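This document starts with one chain, in the form predicted on its own, laid out as structure tokens.
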Amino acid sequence: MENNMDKEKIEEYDDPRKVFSNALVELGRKNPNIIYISCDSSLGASGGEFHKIFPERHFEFGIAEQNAMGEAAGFATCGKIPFIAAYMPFVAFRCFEQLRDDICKTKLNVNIMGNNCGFSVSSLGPTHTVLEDMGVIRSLPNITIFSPCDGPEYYQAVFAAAEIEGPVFIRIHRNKVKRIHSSDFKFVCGKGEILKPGNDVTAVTCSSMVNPTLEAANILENKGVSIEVLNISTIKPIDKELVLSSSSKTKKVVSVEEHSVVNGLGTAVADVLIKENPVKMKMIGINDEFSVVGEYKDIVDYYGLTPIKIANSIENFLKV
């Protein structure tokens, strides 16, 4: 399915939820089988525009995520392509059984939008601070996981999800994102990319941590340290070839993620390395603990996920 997003339009996108909203509307215009399912969050999950244009294809379930996931499976068996959106903790954890048994085991074409991942809405409290979603969802067979880093990736990930035969889980951050990709960027499922070439260490990252990691690489470059920054926007299946080729060159790997270091991006990378190219590795993220809560900028600083603290962590790793 073609994505005709022009340059002027793409440059306006900086809010992931708005990007998702516009992508879903355009996808809905092109494919009458696209439907939208929300769980007490149709406006907050950016489905308002889809509802205005295709009210007969929007289904609101209220605070009943398990029911919504089951219905999404039912729609998929009838040839529809549902996109179900809800807050991350509820769509990933509350209806895990339905996701596992109704969707993944049967490999149905259901697309799950996990809104407000990481510390996006940490100020709302501990239930809304989600650092385990990749660990939980990665354990399921037959599912694809996208974790886009900017507007163009979010936009194209929606179109890519609709084409995949099987369930897709898209991690959506709430905060506005700095544009990285140009209008001619092409998102490809299962493929990462080198955003900054380097020779001394490979920094693997995704989602909200791409820009801070790039800034950290620039800080270290001024100190004579060459960092190769990889954007891994498909967490599962991960781009093994890219991870192996970069790590074979640098011999050292660092992962950076706004997620627990248990079963997150770093673990996915380590799974590749330990089997095919064992090298020194450090995981930068949140240790095996429940998070404190607060405002976003304070929390990422507390956990060492600002550019300067990421740079310091990498520099210390290289000294060992």
Partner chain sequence: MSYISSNEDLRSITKIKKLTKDEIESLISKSYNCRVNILKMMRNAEGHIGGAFSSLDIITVLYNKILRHDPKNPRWPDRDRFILSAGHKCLALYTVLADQGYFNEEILWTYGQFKTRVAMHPEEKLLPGIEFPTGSLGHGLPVGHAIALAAKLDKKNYRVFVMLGDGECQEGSIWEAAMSAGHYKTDNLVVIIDKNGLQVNGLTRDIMNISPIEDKFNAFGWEVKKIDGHDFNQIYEVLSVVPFVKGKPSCIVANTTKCKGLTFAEGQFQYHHWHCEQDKIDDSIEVVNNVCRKELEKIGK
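Everything quoted here is computed from the prediction, not taken from an experiment. Positions refer to the first chain, counted from 1.
The next section is about a form of this same protein that is not shown, the form predicted in complex with the partner chain.
The candidate spot formed by Glu56, Glu65 and Cys78 is fully in contact with the partner chain in the predicted complex: every one of the three has a heavy atom within 4.5 Å. Stretch 104 to 112 is the contacting one of 104 to 112, 185 to 193, 231 to 239, 160 to 168, since its residues have non-hydrogen atoms within 4.5 Å of the partner chain in the predicted complex.
For the options Ile35, Leu27, Ala268, Met283, the residue carrying a heavy atom within 4.5 angstroms of the partner chain in the predicted complex is Ile35. Of the listed positions (Ile143, Val243, Ala217, Ala73), a single one reaches within 4.5 angstroms of the partner chain by any non-hydrogen atom in the predicted complex, namely Ala73.
Not displayed here, the partner chain is approached by Glu60 to within 4.5 Å at the level of heavy atoms in the predicted complex. When contacts are judged by a 4.5 Å heavy atom cut-off, Gln98 counts as touching the partner chain in the predicted complex.
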